[in-house]
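Coming up, as structure tokens: structure 1 and structure 2, two forms of one and the same protein chain.
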Structure 1
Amino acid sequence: MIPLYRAGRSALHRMPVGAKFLFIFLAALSASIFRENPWVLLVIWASVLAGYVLSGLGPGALLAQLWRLKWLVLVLTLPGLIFLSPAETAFNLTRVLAVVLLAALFTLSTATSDILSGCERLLRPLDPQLARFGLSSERISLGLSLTIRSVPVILSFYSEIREAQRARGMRPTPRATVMPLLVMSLRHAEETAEALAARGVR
């Protein structure tokens, strides 16, 4: 598995997982409700910048994350300019990027073990109700943690594919990109499943 967490002693690293989750949820909710409010987006982006600086990751890590999202920017921008106004496209793009960068910051500053334990503590009181559906706080927290980790992992796979294509002088095409990305993602899922099975997780 690709290590994404960057150890540190900043206030952001020490912040409880629940508080980080709540902040990202509120930021995403605010960005969805106040879709075209520039002040709301400005506050969220200020939070993104402050988070990367205060966490010790620095502007370099933020720029690296933005570079990884360049194709997402392209995918969101081109259809937006066709079907929406430039202003609506800009609002949509900045809203999505801000939330994705917050999620990436969460992954970079939070150890997976902390994510699991935080989710378990939050959901443990609901275990009797969850058991009726064959679920448990441990299973849900594990699934949530794996989902969060999968986003930057798949983005890193995409970057590897593009670098390999660039080294070979290949032009990016959907077929040449999607197929290896699908294979790498499935292989990663299989390795993750084997690692979980080896630890007794079914």
Structure 2
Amino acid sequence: MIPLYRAGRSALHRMPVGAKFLFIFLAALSASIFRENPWVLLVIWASVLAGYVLSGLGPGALLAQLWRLKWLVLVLTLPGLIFLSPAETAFNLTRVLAVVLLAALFTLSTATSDILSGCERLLRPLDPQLARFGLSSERISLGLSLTIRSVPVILSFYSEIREAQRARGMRPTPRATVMPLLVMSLRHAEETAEALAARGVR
């Protein structure tokens, strides 16, 4: 599982995670509040372009992102053309695209591990509140790393199941595939929990 992050050493890459997140959040919020204000849109688009240049990812990355978003463009355009005027559609399209591109810039320029450790720091003062749900910031981090580790495990379960189905000439209906996947995954969860308990993790 490859993170969407692209390594780099630009100013944007070195910016603190929280500040970067806050900036994008405020940009998205102002785009949503001043929906029909062309100047706000212009500023946000300028910061999108500046961001992609500053990040050292260049116009290639911007074009690649736009290509990834081709279905979103369709989703944003078609209903607008049915229900709204072309001008309103154009506004919606440019606004949502700018916000999504900004958000993508955050993802491209921030290492997954940095976001996760930032998240743990954010949760640590909440430990007393989390304890009421039987949680703690440590347990949440454990859950996050277990999830990352489990994705390839479950993918390997899936290919095992598909092989067995192919050997028997079975059709891969959702029911016939998901049921064994569920049992294998839950059993694996049980084994993982036992292994963790045996190592003294509580």
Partner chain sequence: MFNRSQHQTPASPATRSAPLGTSSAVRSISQMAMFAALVAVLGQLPAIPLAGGVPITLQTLGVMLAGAVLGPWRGAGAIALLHLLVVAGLPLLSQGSGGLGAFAGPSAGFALGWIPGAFVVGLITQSSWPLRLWRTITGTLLGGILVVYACGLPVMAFQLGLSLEQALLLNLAFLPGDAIKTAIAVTLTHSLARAYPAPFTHARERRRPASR
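In this text, the rigid core denotes the largest set of C-alpha atoms whose superposition between the two forms falls within 1.5 Å. Worth saying up front: this structure is predicted, and the values here are computed from it rather than measured. Numbers follow structure 1, counted from its first residue as 1.
Where the criterion is the form predicted in complex with its partner chain, structure 2 meets it and its counterpart does not.
A displacement of 2 angstroms or greater separates the C-alpha positions of residue 152 between structures 1 and 2, with the rigid core held in common. The rigid-core alignment places the CA of residue 173 2 Å or more apart between structures 1 and 2. When the rigid core is held fixed, the Cα atom of residue 183 travels 2 angstroms or more between structures 1 and 2. After superposing on the rigid core, the C-alpha of residue 139 is displaced by 7.0 Å between structures 1 and 2. With both forms fitted on their core, the C-alpha atom of residue 162 sits 22.1 Å from where it sits in the other form; this compares the forms between structures 1 and 2.
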